[in-house]
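One chain comes next, on its own, written out as structure tokens in the form predicted on its own.
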Amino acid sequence: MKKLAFLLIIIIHSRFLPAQKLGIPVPTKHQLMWHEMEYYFFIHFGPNTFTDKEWGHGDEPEDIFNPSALDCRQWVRVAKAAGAKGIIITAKHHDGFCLWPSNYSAHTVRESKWNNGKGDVLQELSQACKEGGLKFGVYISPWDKNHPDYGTEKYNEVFVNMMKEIFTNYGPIWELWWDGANGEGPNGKKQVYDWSRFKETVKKLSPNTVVFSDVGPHIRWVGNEKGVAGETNWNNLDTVGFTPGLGAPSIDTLNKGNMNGKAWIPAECDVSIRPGWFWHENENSKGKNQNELFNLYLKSVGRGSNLLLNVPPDRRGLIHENDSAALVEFRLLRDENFATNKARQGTGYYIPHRGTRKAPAINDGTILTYETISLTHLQSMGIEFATEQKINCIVLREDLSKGQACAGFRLLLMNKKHELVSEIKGTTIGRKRIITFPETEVGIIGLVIDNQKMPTRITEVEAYLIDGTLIEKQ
């Protein structure tokens, strides 16, 4: 017995070592703020909108860009009605066309007919986002099929100067999106990107900006354009020896992350509401409906990632009515189905190694408090109801401020007689994990941690009865 007690003391002591001492990466303040953004818009807009292409060739005449009724405030109104918290726009896609009058390119809105060459999409959108209380982000592709200096060392200077213009004239920039694509320019050459310099430029100009690419440095690609994160989804990633684009880690690694990765680089799920990324007239009736969008939400945000949903404006410069309607209905589905958290009606409790005690923080309705499971297998927590409740969805939330801990869990759905009705297994939890299952009457929800890197801090256990037709594909 003395030996067992001694071993337990050692285990408990090691479990409470700070994450840094255990070599576990932790998020920065701005990464934690990014996690809470949850869902926001991507806006693909440019010459491709008018040429019916997905990837332009860079030789499109500037006059082709001529939206007839551009209204960035309409984009913001739709985003807010849809519950999105920010907008990221393709300031420069692979064709090299700049949606702002850059001094470092002759292929910009300045050379177009739109607004007699006086227009500036970035200015209009950044101002509209400020007015509407949305975060403003920018996508800027380093590939440039138009610029004469692309494929030479001079182009790295051009790209740096373009970023300086964006941060100086349109900030604050909440997220910067780097596409790792690297193809030939007008001279038939490919560019050797100076990623180190690019990162240092952003860090110096705007240290609060989170930067996305295949390998971060702050946010990573999820490995697909379907908007689906891995059921196992670590916010950690190993990046040594990797670069954005062709030099990125495997698709499987990007989707799941690295359990013992050395850097905190969470996944972002990018997907378009339409088959294509840019607006095409023949896709006006082919967009995802509210049920499909809800299912994507479960597979992205519900697996600990953020959802970046592309909503491309049409040739008027407006979000199409069909897309707007689906987005508002998507918002209503989320609001309606997650309106009543039945867990608030129960009592949170621990089952330690000996005895039980209250655990009120797991169902107090705030993520600012948490309860800790310190001993793997020897300790669990749960919620007990006065009367059995019908549920088909449980949401788990993990405090990430000290790192990501849970590597394996079980949900035990029991009746009031403490008899097991159903057991659900999972791996990671992360910022939010949404688990759906057939409708079940439960008296007790038990949460057991089977594997963890350090003590798991659970901020909330939520329970819902959502529309079953929305989760048939889960």
Ligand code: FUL
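The shown structure was predicted, so the numbers you read here are calculated from the model rather than taken from an experiment. Note that residue numbering follows the sequence shown and begins at 1.
Only in words, not in the display: the form predicted together with beta-L-fucopyranose (FUL), which the text now covers.
- Between 285-293, 269-277, 382-390, 149-157, the stretch whose residues reach within 4.5 angstroms of beta-L-fucopyranose (FUL) in the model of the complex through a non-hydrogen atom is 269-277.
- Although the partner is absent here, Glu225 lies within 4.5 Å of beta-L-fucopyranose (FUL) in the model of the complex, judged by heavy atoms.
- Interface residue remark: His44 is counted as part of the site for beta-L-fucopyranose (FUL) in the model of the complex, having a heavy atom within 4.5 Å.
- beta-L-fucopyranose (FUL) is not shown here, but in the model of the complex it comes within 4.5 Å of a heavy atom of Trp55.
- Trp177 belongs to the set of residues with a heavy atom inside 4.5 Å of beta-L-fucopyranose (FUL) in the model of the complex.
- With the partner removed from view, the residue among His93, His218, His107, Arg303 that has a non-hydrogen atom within 4.5 Å of beta-L-fucopyranose (FUL) in the model of the complex turns out to be His93.
- In summary, among the residues Phe198, Tyr350, Tyr139, Phe242, the only one with a non-hydrogen atom within 4.5 Å of beta-L-fucopyranose (FUL) in the model of the complex is Tyr139.
- Residues in 296-331 all lack a heavy atom within 4.5 Å of beta-L-fucopyranose (FUL) in the model of the complex.
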